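Here you get one chain, nothing else, as structure tokens; it is the form predicted alone.
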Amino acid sequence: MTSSSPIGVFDSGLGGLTVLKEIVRLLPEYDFVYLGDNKRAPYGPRDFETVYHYTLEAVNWLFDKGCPLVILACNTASAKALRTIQQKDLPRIDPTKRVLGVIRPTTEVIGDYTETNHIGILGTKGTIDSASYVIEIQKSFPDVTVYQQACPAWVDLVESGEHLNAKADQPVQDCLHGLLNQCEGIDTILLGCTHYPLLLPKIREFINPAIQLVSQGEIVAESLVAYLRRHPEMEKKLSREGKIDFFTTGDTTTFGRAAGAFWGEEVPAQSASL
């Protein structure tokens, strides 16, 4: 391999690092470029057109970095921009490149977790308003009933580092009550935002321990491994030096320090302009 052809991973901020961490665990020999659009985060409250525009800019930036494959490790971007980019933009930009999201891999397996056929989804306002999870889960598991709850304050709690202190108690309880009050039979809750795994200890304080909490990172990573197995033409393009580059549109020092909560250690971030 004479040139670098890394896997691109994009998120509106830091949450996608929870997905990247699981992907690297399964594919440690591959190269990766992570891009966080921290300057314009959060994406959750933004309208469809804005999220699509921002996401397409990020995808093109990662393509310019040599990435033949980009993972949208952001539920809002996956819900509001992925389909349009796949159907309208990729044929024009480069039909050989691919952009994948986090919603479909999750919805293809989430029904296997529930025994009551009642699943709850916690997500940003943008993800919940798109109804993407409801639509996709029904395709794979028509007998499952899906209940949704937007948690508009959760991303800010995580990004500010206040997700495990007392300030998070009320916002977490409010969203959990809003979800669980819709149906007593919910036995599985999907964390439909890549920031939310950092709230797992706090969430568990306020729910029945019998309820399963499902994060996306491991599911998406396993799905990517399967995708590369099915598509050797893409797998052969990817470079393998075990290199990871982190970029942010925000302040690099702030990103590098805050990334420690997601990655396990501070990361050396570089500046990106979209």
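These numbers were taken from a predicted model, which means no experiment stands behind them. For every residue, the number given is its place in the sequence shown, counted from 1.
The following text describes the form predicted in complex with a small molecule, which does not appear among the structures shown.
Heavy atoms within 4.5 Å of the small molecule in the predicted bound form are found in one stretch of 39-47, 202-210, 220-228, 245-253, which is 39-47.
Taking the partner from the other structure, the small molecule in the predicted bound form has no heavy atom within 4.5 Å of any heavy atom of I121. In the predicted bound form, the small molecule sits beyond 4.5 Å of every heavy atom of T106. Residue contact with the small molecule in the predicted bound form: I186 places no heavy atom within 4.5 Å of it. The small molecule in the predicted bound form comes within 4.5 Å of no heavy atom belonging to I71. Proximity to the small molecule in the predicted bound form, defined as a heavy atom within 4.5 Å, holds among L190, V99, V155, A81 only for V155.
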